Structure formats: structure tokens, C-alpha cells
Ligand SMILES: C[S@@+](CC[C@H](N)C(=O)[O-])C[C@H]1O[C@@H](n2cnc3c(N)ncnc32)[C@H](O)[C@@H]1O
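Single chain ahead, by itself, as C-alpha cells, in the form predicted alone.
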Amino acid sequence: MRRPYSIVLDLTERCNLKCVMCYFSGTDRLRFAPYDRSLSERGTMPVEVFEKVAADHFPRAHRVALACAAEPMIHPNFRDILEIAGRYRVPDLWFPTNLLPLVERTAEALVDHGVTTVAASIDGVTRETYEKIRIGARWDRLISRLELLGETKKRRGSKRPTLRIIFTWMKSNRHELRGLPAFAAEHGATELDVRFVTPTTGVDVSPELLDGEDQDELRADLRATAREAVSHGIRLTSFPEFETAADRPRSLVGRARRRVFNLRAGLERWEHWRHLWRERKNGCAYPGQTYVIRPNGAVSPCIFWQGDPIGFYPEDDFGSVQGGDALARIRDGLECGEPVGTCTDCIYRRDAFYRPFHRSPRKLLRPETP
């Protein structure tokens, strides 16, 4: 069976930390629409619901993320979930986490059930900065969890799961970005994911925004960090742009060297080109290729969708969601250049290249979503 899809899940509505730039700094529970719907008292996805989602989607999926907005390892049955997911041999099975809930049995389950990548959100390479940003976390616990993961892989003779470090760049850790590659290499990480802090619903992150910083200095720090990471053999799975058009080399040799660097760094990958092709062809690469499933069973066409869900588990299945009117209206609107719902003002599709010869603009026959 082909595996063209990406599946994103949230197993719980909760987190064990209250990081300064996160919505959890202002709430103990992240509710998902529809807000009056819940599949469990604690806001966790029941194992039997996850089992149906997995049977429906995972054989068709190239990539599965077991978390998106909350901490997956605090799910009381997380090891059962890993065992279920492992049955389907998903090529890219991963999840983001703060890593602090990791215990030995869970570390062994990560190896035994084929988890590809553990992406640890850290945001600081010193005790002071880390504990200032990640409220409720302790530096010693983090270091011990990194060591536990590395020791478990070594004992089991496995290179997986690989370790990715997620670093949200803000004023509090402005000075620590350049030390990130050395920290990552020291603790066995092979990938970095660096992103700017951005405005977040429910929390005031204005004191942490880097908008007012000297942009040339920011780009210089990013450029130096990228080069240092590549020198350690670390790939950049996500990284802010650090070049302007004027910075790009004009000579043939210079362009060739830049291309080689980007390939080594992971800044240019086949999946990027495939994503762009889908975006240009369909108006957006996500609907119909990505399915986001929340702890209350609600299904969305991407992580940015704020409208009504396009399906519900356990009531629905893959066929009814993929072939349903809700998803068809979203895809029709994008392909016609007449987006509906959240797509109307989504910044991720504002530059989409609509192809009128693919499907001519017209009034949709189906009623538009609210």
C-alpha cells in the first residue's frame, strides 16, 4: 500500500510545564473544538479510539506525529500507544516532547516499537536560561533524561530513535543560540529545529519577541549556528531564513557551494519540493494529505484549521473523512482560488499559486463552511 499521508495527533489536552511562550502558561488544559465534546474526563484520547485511528490511517501514512500541542508522555497509557503504533511500521514515527516524563520502560518502548525521532524542546543550553523559560522544569532532570535515552539506545544496539532538539529563539535565550550545536552534539542529537517565538493565543509573548532586534545581527547568528551544526554532522530539519537576496552568491562556483551546504544541512530536501508542487497544484499542500486528530476525536485538514472539524472519531473512518463534503469544500475552494473557512485568511496559503486551467474559478455548488 502507498503511504502518501501525514497524520498529526494529540493524545492529551495537558502538559506538565508552563513555558513562558506557551499557551499552557495560562491554562491547565488546552481545549479543542468543539469545546463541549470530550472522550474522557481527563482530556486524554482513549486507547481504543487511538487503536481505531491507527488501524485506519497508519498503514497509509508515511509520517505520524504522536503529539502536536501538548505533552504526549503524560498520557497514562503511552507505552500501550507506542505498542499499537509500532505494529504499522510507519517510516517516520515521531513526537515532540519536553522529555521530562521519560522513564526507563518508556525509553525501551521507544526503541522496541520503532519510534524514528524524539524531538526534545529545550530552549536553553544553560541551567539558568532553561529553567527561566521552561517553568516547572529542572535542568538536572533534563540532562538525566537525555542520558537515559542515549544509554537505552546503546544498550539495545539501536541508532533509533534519533534525537532532535527544538529551540524556540527569543530574548531570554538570544545569547545561547550559537552554543546550541555544541550542546546538541554533546548529548547525541543529530537534528536541530530552530524557530522564532511568535504571538500565541492566550499568552503575552511581546517581551520575548525579537522583532525589534538588529536583523543583520540575527541573520549572522543564524548563519554561524547553521555552519557550526553542519560541522558537527547535525541536520537542520527546520531553520529560519538567514540570507537575503543580496547575500546569495552570483558566481557558478558560489552557487554550487551554497547548494552543497544546503543539501548537507538538510535545508533542501525532496519533501520540500514535493510540498511546493502540491501547494502550486492544489492551492495548499495540506488538505487531503494531512489529517490532524485531537484528543476529543475531532479531525481537521491541517494544524492551522479553526473551523468545524471535517470528521470525528470513533464515529467516522478514513473513507468518510476523506470522501466527505467538508473536506471537498475546503479543497474545491483552494483549487478555485475561492478559499473557505480558515483558509480565507491563513498566512500559509496567501502566496499559493492558483491554476485556473486546473479548475476554473466558479461558485461552489456545495454550501460554504461558516
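For clarity, every value in this text was computed on a predicted model and none was experimentally measured. Quick note: we count residues from 1 along the sequence shown, nothing fancier.
Below: the form predicted in complex with the ligand, not depicted.
Chemist: Pick from 231-239, 92-100, 294-302, 181-189: which stretch has a heavy atom within 4.5 Å of the ligand in the predicted complex?
Modeler: Heavy atoms within 4.5 Å of the ligand in the predicted complex occur in 92-100.
Chemist: Pick from A328, A55, C68, V47: which has a non-hydrogen atom within 4.5 Å of the ligand in the predicted complex?
Modeler: Only one listed residue qualifies here, and that residue is C68.
Chemist: Using a 4.5 Å heavy atom cut-off, which residue among T168, T117, T225, T129 comes into contact with the ligand in the predicted complex?
Modeler: The residue from T168, T117, T225, T129 that makes the contact is T168.
Chemist: Against the ligand in the predicted complex, would F196 count as a contact residue? Criterion: heavy atoms within 4.5 Å.
Modeler: Flag for F196 set to yes.
Chemist: Do S121 and the ligand come within 4.5 Å of each other in the predicted complex, heavy atoms counted?
Modeler: S121: contacts the ligand in the predicted complex.
Chemist: Would R134 sit within 4.5 Å of the ligand in the predicted complex, counting heavy atoms only?
Modeler: It does: once the ligand is placed as it appears in the predicted complex, R134 has a heavy atom within 4.5 Å of it.
Chemist: Using a 4.5 angstroms cut-off on non-hydrogen atoms, would L177 count as touching the ligand in the predicted complex?
Modeler: Answer no; every heavy atom of L177 is more than 4.5 Å from the ligand in the predicted complex.
Chemist: Would you give me the residues of 205-222 that have any heavy atom within 4.5 Å of the ligand in the predicted complex, in order from first to last?
Modeler: Stretch hits: a single one, V205.
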